[in-house]
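Only one chain comes next, encoded as structure tokens, the form predicted on its own.
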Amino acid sequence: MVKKVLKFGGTSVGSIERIQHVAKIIKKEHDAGNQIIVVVSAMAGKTNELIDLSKNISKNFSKREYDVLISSGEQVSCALLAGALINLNLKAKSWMNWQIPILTEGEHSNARIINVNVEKINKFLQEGIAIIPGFQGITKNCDITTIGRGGSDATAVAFAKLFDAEKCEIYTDVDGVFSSDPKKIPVAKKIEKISYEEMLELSSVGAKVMQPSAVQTAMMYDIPLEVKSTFTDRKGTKIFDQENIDYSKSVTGVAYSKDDAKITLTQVEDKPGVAANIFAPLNDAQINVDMVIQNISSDQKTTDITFTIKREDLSKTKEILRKNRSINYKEITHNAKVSKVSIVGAGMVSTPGVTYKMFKALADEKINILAISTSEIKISVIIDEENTLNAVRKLHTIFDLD
């Protein structure tokens, strides 16, 4: 008997008809003799609807009550899916985060799972199917917490680890992981298998198939993942360890995100500790800083510091910088109409000229690069948002991914 964790995203459970379809997929796995833990997201659009309700109450809605509110979407999916399985004459039960419990620590809306009580669910799996709400948990003080957008992936991987599951399958509305967004780039093709490292880079720079922290956890504990479609029987994308890295292609995929903003502090006093003084209060406010570029003046007395953040944090970041008395600078400028375009591939390590090829391709399209960030298997650039899809199409073609 094999123990599996199956995770179904919001589009997979977006209607009663789709929930009934998901129930049939689960029944097929159960009838094959497997022990099944199912992790579900809220129905498509439900979380955004709940967020809008909170904004209608207050722009500074209580963080504690915010988590109580938006965690309710997954609870609805759990109950409906359990009911659909029971209607198929299967023994199934929905479990709320506090009934298990799923223990978390950290800030509201950005908590992390630290442990799960496996005893009750393991006992139930001997005879039935357990349905678990993704994206949430409970603190030692019994407060409900959520673990960030896309957090159902993290819940699924955590359960696969803690319940020693043989496999974790992520069901979504596409056939797997593609070389780029197939909804925007029709010539994108499905990747049959990909390494944890490449998947982590792709998900962190804009590919929305999986949450980065979920991929990282799977990589740390060597949990095999498969991303597949809820709506077809085609094979998905398998995500494995380094042995599955394909070094024959320099680039595996092109990803992009349109939720970035760029900030520049001009003529900052150049002295030891200035960068720490700039970014310490941003860290305290849980603002994630991505790219950082520093240009020192010819007299080495001042420097311009440019960095990128999530667009939703722009106003908050500017306010924090203006109140920061530990730094001296001339002015703050910003650009909220930028995007990040990235190429990812393990083959970059052994293929010379990838950086030149990327920059030449963008230059040929008259696309100006505003910032650059690199790692061993990734190159990211910030460009004007209006050029995003043109850049992605060009790079997808130039690196033979069409």
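Residue positions are given as counts along the sequence shown, with the first one as 1. Since we're looking at a predicted model, the values are computed, not measured.
A second form of this protein, the form predicted in complex with a small molecule, is not displayed here; the remarks below concern that form.
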Problem - Partner-contacting position among P101, G128, G150, P212 - heavy atom within 4.5 Å of the small molecule in the model of the complex - result: G150
Practice task
May I ask you to choose, among S373, T47, N34, N335, the residue with a heavy atom within 4.5 Å of the small molecule in the model of the complex?
Solution key: T47
Fill in the blank from the handout: Only one of 34-42, 357-365, 61-69, 335-343 sits within 4.5 Å of the small molecule in the model of the complex by heavy atom distance, namely 34-42
Exercise for the section: Spell out, yes or no, whether the shortest heavy atom distance between F135 and the small molecule in the model of the complex is within 4.5 Å. Expected result: yes
